[in-house]
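What follows is one chain in structure tokens, specifically the form predicted alone.
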Amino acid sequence: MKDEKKLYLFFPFLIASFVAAAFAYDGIAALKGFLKLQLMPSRLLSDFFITAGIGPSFLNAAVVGFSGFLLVILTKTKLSGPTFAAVFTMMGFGFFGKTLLNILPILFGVFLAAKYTQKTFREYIIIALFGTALGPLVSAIAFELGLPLPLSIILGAAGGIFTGFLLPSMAVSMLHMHQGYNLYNMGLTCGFLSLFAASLLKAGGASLDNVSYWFSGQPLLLELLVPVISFILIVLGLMDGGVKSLSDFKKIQTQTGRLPSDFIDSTSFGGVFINAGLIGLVGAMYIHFVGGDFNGPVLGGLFTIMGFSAFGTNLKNAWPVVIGVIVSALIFKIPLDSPGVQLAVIFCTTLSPIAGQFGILPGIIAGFLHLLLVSQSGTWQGGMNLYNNGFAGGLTATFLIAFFQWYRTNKKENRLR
């Protein structure tokens, strides 16, 4: 990999591999299941491996990921840390929550917002890609309200377009709340919007009971998926720069990760690929060690943290927050292999910048509080925001940063007196 253009071959390769895996596993039934999946509800926690099957889920992840990658290409957006994270995240959530049908209205809504503000869609592309976290809102309106199908799909699309139109106006305000210490800023933004959406639907008589579809099988394909992709990333990283890539990987470990931290821009593709590969391997090893499940949500989480290895997460700033979640689970006697803890251990790395900026103990405290909050926040927004950990992480970061900065400021002033 001698230049940036060759990097664009990686995502088509990954997407094509998913398509091949889908048809190899389920044959033509993968396509039938994929089409059926588009007309299914997808609120948290809907594991597509249960609701649709493994083959259809891989095909859906490929199509969702391809739609994001295609938008990056069509808008001539530079493949940077944010876009790398966004496409990886979209593919991961193609295993649970995002379908082509429920993300298109949101993307179009953000496009309309760009037109209204006389900006190019490229300026809003990151908001659009991550904003697809609200895909379950579209599916909930379309398929869970008991309305006639043609009308329900139209209303679902309208709801998605409207929320997509609102996203750019809110994303910056949410970023100011936590000051860049929550990597999944769109999780907080989408969570905020989904609070109002859920309240409106419940007031109208809709029943938004908790959803729990959690696949517990262990097919070899699912167990090996992340380790194999991680190994490929590490090899590509070494091929890209050799010793320089290793040096850049070490440099990434010294960065706080506070938004916006584009590791591709500050180091190199090679260093980022090694960082992503190692984080993916460590995450997969942890899930295997605690006897967890390599299902849709877990694979979605692992893909997300691999993506954010280019945009804020590194091994050094992630581990204190993970330790905090584990300590919290042990104290409150929540099994480490329970679905909530498995996902919290992975997604809590949204708070990695706190450890990167303030140190190990604040990072552990952030992880400890995150588990407590995330176990409640999904119910608040009716399961319609797929980035529930980003929502909880944003609230946790806002609370802690206010205290940490107040403490530091007053400690410094007291020393000067």
Partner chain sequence: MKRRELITHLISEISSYMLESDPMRLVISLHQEEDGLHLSVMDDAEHTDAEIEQMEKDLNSQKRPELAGYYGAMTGHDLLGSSRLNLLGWQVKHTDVTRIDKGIKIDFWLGGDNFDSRQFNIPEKK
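Positions refer to the first chain, counted from 1. Small disclaimer: the values here were computed from a predicted structure and weren't measured.
Another form, the form predicted together with its partner chain, is not on view; read the next lines as being about it.
The closest non-hydrogen atom of residue 258 lies within 4.5 Å of its partner chain in the predicted bound form.
The shortest heavy atom separation between residue 203 and its partner chain in the predicted bound form exceeds 4.5 Å. Residue 66 falls outside the set of residues with a heavy atom inside 4.5 Å of its partner chain in the predicted bound form.
The shortest heavy atom separation between residue 159 and its partner chain in the predicted bound form exceeds 4.5 Å. This chain appears without its partner; in the predicted bound form, the one residue of 395, 14, 401, 21 with a heavy atom within 4.5 Å of its partner chain is 401.
When its partner chain is considered in the predicted bound form, only one residue from 252, 125, 284, 274 comes within 4.5 Å through any heavy atom, namely 125. Residues of just one listed stretch (166-174, 287-295, 209-217, 228-236) have heavy atoms within 4.5 Å of its partner chain in the predicted bound form: 166-174.
Each of 181, 262 and 405 is positioned with at least one heavy atom within 4.5 Å of its partner chain in the predicted bound form.
Residues 77, 78, 80, 82 are the ones in 56-94 with at least one heavy atom within 4.5 Å of its partner chain in the predicted bound form, listed in sequence order.
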